[in-house]
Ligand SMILES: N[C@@H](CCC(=O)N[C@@H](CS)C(=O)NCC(=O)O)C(=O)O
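Below sits a lone chain in structure tokens, taken as the form predicted on its own.
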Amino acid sequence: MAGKPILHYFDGRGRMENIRWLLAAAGVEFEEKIMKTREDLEKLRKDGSLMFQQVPMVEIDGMKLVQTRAILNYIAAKHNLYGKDIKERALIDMYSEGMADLNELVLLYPYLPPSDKGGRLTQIKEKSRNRYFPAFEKVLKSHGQDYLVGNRLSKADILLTELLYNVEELDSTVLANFPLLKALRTRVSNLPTVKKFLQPGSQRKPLENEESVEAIKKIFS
């Protein structure tokens, strides 16, 4: 029997949080090996664990996988969260790539100097309200189904739910005009595996604060 996946990353959201969400939603228990120092990162690099010298890295099914989207796609395919055919998979990938574009702005927000945060927050809110959230609201409205693709839970629904939570942390009013997105978030949040992940004490990471950002920067400096 294969062991639990092992996630190698720092103690924060970053690019690993998508992976945590997807594993948790799939009901997969995982372990984390937290990098706390520059030496921890260098050890992974020197022992050949990081193909491109970068994290995140996930040990799973005898592999050491790097590159976030490759990891997400493997987990989604393994746990039937990747559509029923290549057309559905193409839609799931297309939607997920759009989410990744917005999520990139969100995940880097805590690491910006204070003088840049106001402008970035304005950008996040503008793109959420006027570009990305209307697009996903339109998808849900167009077919009237519970989920984005094929009327069944997929990687895209899970990553979108995570993104909605993350943007709402920065602006609590951002979903006011998107009833179908709010309904999707509620639907996914009430799935037993996701509900468990959203409880205090789970492996979900909090938004980085100044102290955690400084600790993380020291690892990569």
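What you see is a predicted model, and the numbers here were worked out from it, not measured in a lab. Just count from 1 along the sequence shown to find any residue number.
Just so you know, the form predicted in complex with the ligand exists too; it's not on screen, but the next bit is about it.
- When the ligand is considered in the model of the complex, residue 37 lies well away from it, no heavy atom lying within 4.5 Å.
- Contact check for residue 67: a heavy atom falls within 4.5 Å of the ligand in the model of the complex.
- Looking at residue 15, you'd find a heavy atom of it within 4.5 angstroms of the ligand in the model of the complex.
- By the criterion of a heavy atom within 4.5 Å, residue 9 is counted among the residues contacting the ligand in the model of the complex.
- In plain terms, the part of the chain that comes close to the ligand in the model of the complex, with a heavy atom within 4.5 Å, is 51-59 out of 150-158, 166-174, 186-194, 51-59.
- In the model of the complex, 220 is the single residue of 204-221 with at least one heavy atom within 4.5 Å of the ligand.
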